[in-house]
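Take a look at this single chain, the form predicted alone, given in structure tokens.
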Amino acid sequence: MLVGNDVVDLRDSESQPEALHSRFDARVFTAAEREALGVSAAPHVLRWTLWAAKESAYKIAKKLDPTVRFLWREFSTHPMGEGWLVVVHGPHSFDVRVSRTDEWVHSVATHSSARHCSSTHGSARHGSARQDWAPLRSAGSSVGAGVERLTRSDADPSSAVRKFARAAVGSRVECPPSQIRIAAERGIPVAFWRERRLSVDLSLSHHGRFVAWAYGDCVIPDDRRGFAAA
């Protein structure tokens, strides 16, 4: 299962309405999306919810077709229910689940075949949250995701998000995080266990004070003899 995710720090200076270009909404959102923003009681939150949904869907679209560009209005959002949108881009559609706190918005996109899925959202505490979603449960598929707040103002978000992702993937495949390595192939994160590529799709994101990750379809390696010793 392909996944994409995006996190937006709602209190970051770059996210504030006064920091945006006067034509930002016109450039980024479709007519229907702009209409929704115009009547929303919380346009600030809705604006970044729609953005995050588009961004997370784009990350999957890029995996499907490396030539895809993030032309914002070509990714149209369609509300399906509380915390649930479908993003359509060309021939593809993507199921997007959104979680929010007062400080951040986090979206996780999967392929549209997972549209009719059940989800359990982790509770948000101290700026962090973890989710464990299981679309297509009968097929053994799973999606995990999480958000963490950076603990130091000078923390490297790229290193931090990889650390958290290694811990999440390691827990899922029952291997120590120290044995999980995350690299990039054509800008897309991939996970390895002892130099052996894992059957897991990854997405990493960071903005402002927060980092976030998502993974899909982790498969436990058949041969993990002696893994705990390393």
Partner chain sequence: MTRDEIFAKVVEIVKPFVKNEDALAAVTDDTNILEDLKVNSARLVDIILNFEDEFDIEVEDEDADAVNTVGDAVALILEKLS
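Treat the numbers as computed from the prediction; the structure is a model and nothing was measured. Numbering follows the first chain given and starts at 1.
Form predicted in complex with its partner chain: not shown, discussed below.
Student: Which one of H44, R27, R196, R34 is close to its partner chain in the predicted complex, taking close to mean a heavy atom within 4.5 Å?
Tutor: Going through each option in turn, the one that passes is R27.
Student: In the predicted complex, which of the listed residues (V88, L71, M80, A155) lies with a heavy atom within 4.5 Å of its partner chain?
Tutor: Contact residue from the list: L71.
Student: Based on heavy atom distances of 4.5 Å or less, which listed stretch (50-58, 35-43, 177-185, 164-172) is in contact with its partner chain in the predicted complex?
Tutor: Result for this chain: 50-58.
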